[in-house]
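Before any questions on binding or motion, here is one chain by itself as structure tokens, the form predicted alone.
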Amino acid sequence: MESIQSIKQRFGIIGNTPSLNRAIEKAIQVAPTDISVLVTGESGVGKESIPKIIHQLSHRKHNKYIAVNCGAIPEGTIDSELFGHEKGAFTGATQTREGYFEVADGGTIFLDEVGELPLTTQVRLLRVLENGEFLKVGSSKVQKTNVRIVAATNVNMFEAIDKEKFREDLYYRLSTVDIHLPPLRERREDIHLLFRKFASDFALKYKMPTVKLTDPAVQMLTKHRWGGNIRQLRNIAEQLSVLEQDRTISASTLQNYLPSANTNLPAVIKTSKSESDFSSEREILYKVLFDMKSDLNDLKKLTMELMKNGNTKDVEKNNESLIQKIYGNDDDNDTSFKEPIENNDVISIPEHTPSDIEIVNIQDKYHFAEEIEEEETLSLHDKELELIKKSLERHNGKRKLAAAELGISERTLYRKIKQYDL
């Protein structure tokens, strides 16, 4: 069995952190077996080195080694890429094609970003892991393959299982042995070693003197969080090698190349915003509609009392709280009712009375005309449509201004315009 140090030299691995040494040691130990391995770690930590070590130290080293980036293959074609297809299986399938599992028979397949596999493909992969069988797309003939599978992911697999994005049984089949690679921020003593290696490589590549860091710059380098891990460090070394005329890099110069925001990559973007926005908008609309109905009923009640009683002073006294609720306590506004004028058929009402309450002429006594020809609709769809139409008309079709007035995002407004075919 080769030593850890010789493996590092052979595969160009730099560093002496105990957690890194432990990961390499586990790779050496499992290589002679055929058990499946799951390599975990953040993006940019060098997970692709582990399957290469496993393949080269196994009895399969003289057979095919195929690395597949599962996240880079479209969902509609990934089954064909992995398992092959028969002629005429789908549009464009003009000939029979061998998939990776057929080509790599007797060798090793490295499935990078395995957490991005569609659920239907996960079922097919599980069958390969369990009994080495697979079906080509468009075929009913079961084929056999003898492939060693090494997978890698930067996804939190337990979260993916909870969200039903990854099969639990497949996870346990893949992770017979779990090898975790530490992020660069947990390998502080290795950061400067890696930088020197990258700087030397780029000096040779671009035929330029090697850049060197001052002591303060080295301290700044090792204290940085390195959200992009080794990949980010390599990019910084390349930029410094190409762009800086002075080959001695100070801390102030290095600072210009280090991003101020130290966020882990890849960024995770939540997709539930639009749903929560719509839910919030719906609740607000419901509240507005029910408040309007309540105010309308209060006005009807007050007006009915006025019609039936005929004595506005009594009505005002008995409904003082209701009048204050509707008209407020503004001293500048005259909210009192005037006495009906004798021998006149019209009642004087406050100027703020809504237009949908109709007062009609009467002959012998006051009476309330048909309260409302048709009960006001409380359909959320109709109200929402009406509000959107009015706002768009007011702003001459400018969605940005209309969205701001309605209190919703421009994206949500665009979706509703499309929904209502406006």
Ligand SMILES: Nc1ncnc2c1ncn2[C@@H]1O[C@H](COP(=O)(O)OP(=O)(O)OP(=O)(O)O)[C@@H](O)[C@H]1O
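Take the two forms, find the largest set of C-alpha atoms that superpose within 1.5 Å, and that set is the rigid core. On a predicted model such as this, the values are computed, not experimentally measured, just so you know. Heads up: residue numbers just count along the shown sequence, starting at 1.
Keep in mind that the form predicted in complex with the ligand is missing from the display, and what follows is about it.
Problem - The unique member of R173, K212, H180, R231 whose heavy atoms fall within 4.5 Å of the ligand in the predicted bound form - result: Here the answer is residue option R231.
Problem - One residue of T108, N154, S80, S241 in contact with the ligand, assessed in the predicted bound form (non-hydrogen atom, 4.5 angstroms) - result: Contact with the ligand in the predicted bound form is made by N154 alone.
Problem - Proximity to the ligand in the predicted bound form (heavy atom, within 4.5 Å), stretch among 294-302, 217-225, 130-138, 231-239 - result: One stretch meets the cut-off, namely 231-239.
Problem - 4.5 Å heavy atom contact, F198 to the ligand in the predicted bound form - result: So F198 counts as contacting the ligand.
Practice task
Indicate whether R187 is a 4.5 Å heavy atom neighbour of the ligand in the predicted bound form.
Solution key: Yes, R187 sits close enough to the ligand in the predicted bound form that at least one of its heavy atoms falls within 4.5 Å.
Practice task
Indicate whether E48 is a 4.5 Å heavy atom neighbour of the ligand in the predicted bound form.
Solution key: Taking the distances in the predicted bound form, the answer for E48 is yes, it comes within 4.5 Å of the ligand.
Exercise for the section: Examine G12 and determine whether its closest non-hydrogen atom to the ligand in the predicted bound form is within 4.5 angstroms. Expected result: Result yes; G12 sits at the interface with the ligand in the predicted bound form.
Exercise for the section: Kindly check if the Cα atom of P32 is displaced 2 angstroms or more between the shown form and the other one relative to the superposed rigid core. Expected result: Stays below the 2 Å threshold, so no.
Handout entry: R399 C-alpha shift between the shown form and the other one of 2 Å or more, rigid core reference
Key = It does shift by 2 Å or more.
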